[in-house]
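Heads up, the chain below is alone and in the form predicted alone; it's given as structure tokens.
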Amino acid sequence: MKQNMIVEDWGLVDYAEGYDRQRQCVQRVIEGAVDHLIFCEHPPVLTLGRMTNPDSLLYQRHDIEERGVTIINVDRGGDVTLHAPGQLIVYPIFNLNKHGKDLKAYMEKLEEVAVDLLKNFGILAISISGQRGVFVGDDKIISIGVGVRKWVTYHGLGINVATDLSLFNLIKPCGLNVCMTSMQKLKGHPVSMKDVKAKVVELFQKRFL
């Protein structure tokens, strides 16, 4: 059987290093390599998307950095997002020429994967029209932001499995007046990162392969 998706787990990786590795992977896929699904976690970092409003940072940059949180401008859509240990980062490096060449449909599929993932862990989540990401009630639990180069995707999803939610008090997540939550907080007990990764792979295979 021909392999049509490679899954990689980079573990805890500095954001800048992870971004550089993403770009290398994007180039390989552009040149004909199969799709990649990459997992990782990042040390505390705020990434500022192309649409970031300065008011989305609730403290001065030096005050944020004094808390050990790096701030980086990135080439994805959307506003500010926080990454930190306990948040599972999913980077699909997918060639949309093979998946309909429709960015809006791709984003909707990512949200469907996210909703189905949480459902499998007994968490009822929804997507909201006009707001990228996935919500449980009024709280946001999964952030989504993508970039595309020659129809190959990068960036992706930030799934709050056991993230330190107090770090989100530094920002308006995605520019919204919203509280963030996590799978661990909602379940009231630790959630296996290994089990979450396995289910993500299964759901991506279901939606994209």
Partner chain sequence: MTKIILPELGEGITQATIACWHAKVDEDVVAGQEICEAVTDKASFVIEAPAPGKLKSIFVNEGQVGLVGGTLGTIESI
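Positions refer to the first chain, counted from 1. This is a predicted model, so every value here is computed, not measured.
Same protein, other form: the form predicted together with its partner chain, not shown, and the subject of what follows.
Does His36 reach its partner chain in the model of the complex, with heavy atoms at most 4.5 Å apart?
His36 lies outside the contact set for its partner chain.
Using a 4.5 Å heavy atom cut-off, state whether Val146 contacts its partner chain in the model of the complex.
So Val146 counts as contacting its partner chain.
Does Lys119 reach its partner chain in the model of the complex if we count a contact as any heavy atom within 4.5 Å?
Contact with its partner chain, no.
Is there a heavy atom of Arg61 no more than 4.5 Å from a heavy atom of its partner chain in the model of the complex?
Looking in the model of the complex, residue contacts with its partner chain do not include Arg61, since no heavy atom lies within 4.5 Å.
Taking 4.5 angstroms as the heavy atom distance cut-off, pick the stretch from 61-69, 44-52, 178-186, 163-171 that is near its partner chain in the model of the complex.
In short, 44-52.
Could you list the residues in 65-99 that come within 4.5 Å of its partner chain in the model of the complex, counting only heavy atoms and keeping sequence order?
Contacting residues: Asp75, Arg76, Gly77, Gly78.
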